[in-house]
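Taking the form predicted alone, here's one chain by itself in structure tokens.
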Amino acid sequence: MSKEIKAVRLDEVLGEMEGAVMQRKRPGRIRVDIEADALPTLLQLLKGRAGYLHLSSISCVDWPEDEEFELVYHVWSYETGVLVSAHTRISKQSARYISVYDLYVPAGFFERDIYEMYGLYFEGSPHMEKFILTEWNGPPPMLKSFDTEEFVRDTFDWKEYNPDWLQEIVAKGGGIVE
């Protein structure tokens, strides 16, 4: 199928989505801003009618001043070489959103990562347990409100680290000298 026909299909699909705002960022890159409740429908139409078969990633941005998370779904068309980034925002109050695992299986990995790092739960995703931070008991570490230094001070005991090998280096004039 030609790129022109697929491009027309993409324009038709986006035209059907009420409230969707499209920006052509540069050749091969399109940004779509859409309401959270319409995003799964948009993704389904992009995959089924416009050939966007590959979910490259799902990104999350913490907007603390707005009390929102922004989710960005990056979908790729192999036929046209165009990447669509679908942006939506959801309230941090609920910190829940619907999984698109049934549409794009790789979403399960991205959703699990976002849940672990931001605390945003995806309903319907098959794997919402910890994966990387299995021993972590602190708050989600990617939130902008997370203070790494404060967490370390409150969680760990400070121990002076000055092993023999480092003392030898310093004695010879190397290493870090205060």
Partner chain sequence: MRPENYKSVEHPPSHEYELNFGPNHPGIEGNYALKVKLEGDVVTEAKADGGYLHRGFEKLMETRLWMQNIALVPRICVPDPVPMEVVYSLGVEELGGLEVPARAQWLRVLHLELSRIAAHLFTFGGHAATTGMYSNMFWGVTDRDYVLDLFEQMSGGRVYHMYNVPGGVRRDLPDGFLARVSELLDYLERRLPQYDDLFFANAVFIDRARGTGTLTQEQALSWGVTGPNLRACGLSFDVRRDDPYLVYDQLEFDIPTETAGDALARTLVRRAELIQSIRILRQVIARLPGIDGPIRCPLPNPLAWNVPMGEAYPRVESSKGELCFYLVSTGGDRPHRVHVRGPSSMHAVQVLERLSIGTRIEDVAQTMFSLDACPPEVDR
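Only the largest set of C-alpha atoms that superpose within 1.5 Å between the two forms is called the rigid core. Bear in mind the structure is a predicted one, so any value in this text is a computation, not a measurement. Positions refer to the first chain, counted from 1.
One more form of this protein should be noted, the form predicted in complex with the partner chain, which is absent from this view; the next part is about it.
Should C60 be counted as a contact of the partner chain in the predicted complex, where contact means heavy atoms within 4.5 Å?
Yes, C60 is a contact residue.
R49 within 4.5 Å of the partner chain in the predicted complex, heavy atoms:
Because no heavy atom of R49 falls inside 4.5 Å of the partner chain in the predicted complex, the answer is no.
Applying a 4.5 Å heavy atom distance criterion, does F69 contact the partner chain in the predicted complex?
So F69 does not count as contacting the partner chain.
- Query: Can H74 be called a contact residue for the partner chain in the predicted complex at 4.5 Å between heavy atoms?
  - Reply: H74: yes, in contact with the partner chain in the predicted complex.
So which residues in 143-172, when you check the partner chain in the predicted complex, have a heavy atom no farther than 4.5 Å from it?
Result: L143, K144, F146, T148.
- Task: Would you say whether V152 is displaced between this form and the one not shown, judging by a C-alpha shift of 2 Å or more on the superposed rigid core?
- Result: It does shift by 2 Å or more.
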